[in-house]
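Before any questions on how it binds or moves, here is one chain, the form predicted alone, in structure tokens.
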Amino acid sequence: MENKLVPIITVPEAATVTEIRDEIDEVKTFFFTFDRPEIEEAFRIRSGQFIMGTVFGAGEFAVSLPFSPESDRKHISVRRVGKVTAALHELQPGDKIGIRGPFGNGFPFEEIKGKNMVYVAGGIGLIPLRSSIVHVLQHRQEFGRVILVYGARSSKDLMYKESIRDWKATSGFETYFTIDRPEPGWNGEVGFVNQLVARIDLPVENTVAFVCGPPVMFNSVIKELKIKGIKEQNIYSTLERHMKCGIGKCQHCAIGRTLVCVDGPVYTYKQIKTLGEQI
């Protein structure tokens, strides 16, 4: 299903917010369904893609898609960072939003079958990785070891706590969680996520790593993965830029000769390195 070609919605399509969940401070998850049944049925994504969401009367915002291409309710998880996302956070179930997309290249799927999968996330960096994690678990028999290493400032800052409970209980899924500093009631690992990556016995041969998080975490994790021997072309991440059109016309997301909304947002670390100081 992931490679199936589907129409891209270029004009905001009305959708109804069906449920809103508080995730962590300033981050909410909005479940939605398209108002037109034919759009609801036809809308398909690839893990790693994004959409442009509209809060009517406030504006438009770009957001990663955390739901799986298969068997997962449509939703977005959004941090309140400005006027438009603040307006989104004021919505209630039953309110309308607009959706354009999906846009971007997405993570590979067919190409990575049979490989070991290592996911490393920091904070809200789990949002763009969740779709691929769920999708791979839905096809668990087609992959080698599947490992998640996830860190946050505190236990309150861990995203998707319901999913985490399920993942901990999932056979064949190796999960490691850490928080920056000790806190009462926390019995898990303590320390930065790169330190946990360094201690874990990760597979190197036939391995693909997906990494997403704030720049300091990203750079330190990449360093540890490279020390372990994982090649730069086998490390993937997503780039965030100010995207407005989603189709490569407005040039707002240009980094050198690459347009993140079209050529990305998923890049290998080898590609990201060539962009250098332009990021």
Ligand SMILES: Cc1cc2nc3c(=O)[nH]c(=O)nc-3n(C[C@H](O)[C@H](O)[C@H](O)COP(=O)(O)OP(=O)(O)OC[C@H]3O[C@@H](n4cnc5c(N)ncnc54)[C@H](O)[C@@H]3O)c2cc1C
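Position 1 is the first residue in the sequence shown; the rest follow in order. Being a predicted model, the structure only gives us computed values, none of them experimental.
The next section is about a form of this same protein that is not shown, the form predicted in complex with the named molecule.
- Not displayed here, the named molecule is kept clear of Arg140 by more than 4.5 Å at the level of heavy atoms in the model of the complex.
- Residue contact check for Phe50: one or more of its heavy atoms lie within 4.5 Å of the named molecule in the model of the complex.
- In the model of the complex, at least one heavy atom of Arg79 sits within 4.5 Å of the named molecule.
- Looking at Ala254, you'd find every heavy atom of it more than 4.5 angstroms from the named molecule in the model of the complex.
- With the partner left out here, the named molecule still marks one of 105-113, 144-152, 178-186, 83-91 in the model of the complex; by a 4.5 Å heavy atom cut-off that stretch is 83-91.
- Only one of Ile230, Ile222, Ala62, Cys245 lies close to the named molecule in the model of the complex, with a heavy atom inside 4.5 Å, and it is Ala62.
- Site annotation in the model of the complex: the residue of Ile99, Leu158, Leu202, Ile127 reaching within 4.5 Å of the named molecule with a heavy atom is Ile127.
- Although the named molecule is not shown here, in the model of the complex the stretch 248-274 places heavy atoms of just one residue, Pro265, within 4.5 Å of it.
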